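Before any questions on binding or motion, here is one chain by itself as structure tokens, the form predicted alone.
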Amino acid sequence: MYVRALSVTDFRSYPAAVIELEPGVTALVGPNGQGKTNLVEAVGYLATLGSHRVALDAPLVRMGADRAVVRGKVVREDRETLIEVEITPGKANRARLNGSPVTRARDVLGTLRTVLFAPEDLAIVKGDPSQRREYLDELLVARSPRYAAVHSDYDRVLKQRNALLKTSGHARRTGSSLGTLDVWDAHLATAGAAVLAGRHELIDALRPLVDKAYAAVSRGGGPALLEYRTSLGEDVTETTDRELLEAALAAALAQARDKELERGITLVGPHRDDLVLSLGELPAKGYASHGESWSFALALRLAAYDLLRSDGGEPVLILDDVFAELDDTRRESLAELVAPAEQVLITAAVAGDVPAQLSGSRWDIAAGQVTRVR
């Protein structure tokens, strides 16, 4: 799988830009602030309908424009597919495949698969649990696009239940029925069980790949371990049985109800869980050095790449300003590991940041102008 062409209209800093791509390595080189990351961000958006830099879509639309459009021609097994996504802040995005509208934008998920390395990845190791949950859920959707609907259902139910909890204090004082809360509990247990089953299955597949990748990046370090820490108890930490998970979540909700009514928020469920990353017996967060943390972050992305590739259809690798962050040993290790990929897109402030093993096509980016060098 590779992207043959990318075009953007009113995306980030670009009124318009077109770039032709090919298999192998392509480097986008230019000083910071010139727009090189905007282009790989656009590629990532076609794959995930999200940005690795911002949570909301509004910053993706150029100042003064009403909407942005991103188009990409994706080649997979000699078949070319045109993906088009129209981003309109405050409204539902619209998408097309080969010129035909799809019912929902998320119907394009799976057409292009990417694995993106970026300086922000360090937050997966050092940041809040939400960063690690996001890593899991994005990879889950990349493997099985149907999980986009599963997560959407869970988020919708969680929002409705939290809204009900916020008004529950009055209901308790007046003796009003809280029967509606029982209904939302059942919905949350069903949707949450689906999310948990997917996460547990994913972590089981990732464990050996992460440990292997960490050893390769760090030249023999590790072991790198993954443990899912749930709010439901140890008995269901690794099970993928949805009935067991649904029953456990329903029981946890019942047990936590008094506290939830007091605080007005849902206290148990997948949105409260964490993926614990450890090096040997010590958690990486708070104990790993800066270099070890970088190695773990890279290992998580390399494991995602290996997992997606094993599912069929090699994903596009995107390395956004990563090499400038790494010491020589990790830079060389990463370059060796990604060089065989079908397509690698790299951004760098200077050409010297791109390792010699990754020589290939090059585009220079300056003041919003994209120029092919070789």
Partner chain sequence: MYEGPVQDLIDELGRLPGVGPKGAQRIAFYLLAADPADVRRLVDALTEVKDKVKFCTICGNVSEAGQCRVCRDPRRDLAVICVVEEPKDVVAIERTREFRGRYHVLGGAISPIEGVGPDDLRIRELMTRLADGTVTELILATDPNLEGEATATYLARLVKPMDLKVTRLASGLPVGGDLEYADEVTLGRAFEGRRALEV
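Positions refer to the first chain, counted from 1. Keep in mind the model is a prediction, meaning the values are calculated, not measured.
In what follows, reference is made to the form predicted in complex with its partner chain, a form of this protein that is not presented.
- By the criterion of a heavy atom within 4.5 Å, K159 is counted among the residues contacting its partner chain in the predicted complex.
- For W184, a non-hydrogen atom is located within 4.5 Å of its partner chain in the predicted complex, even though that partner is not displayed.
- The closest non-hydrogen atom of E227 lies beyond 4.5 Å of its partner chain in the predicted complex.
- Its partner chain is not drawn, but in the predicted complex it has no heavy atom within 4.5 Å of H200.
- None of 78-86, 93-101, 145-153, 116-124 except one has non-hydrogen atoms within 4.5 angstroms of its partner chain in the predicted complex; the exception is 145-153.
- When you look in the predicted complex, the only residue of L244, A251, A205, L164 with a non-hydrogen atom within 4.5 Å of its partner chain is L164.
- Scanning K285, R106, R71, H271 against its partner chain in the predicted complex with a 4.5 Å heavy atom cut-off leaves one residue, R106.
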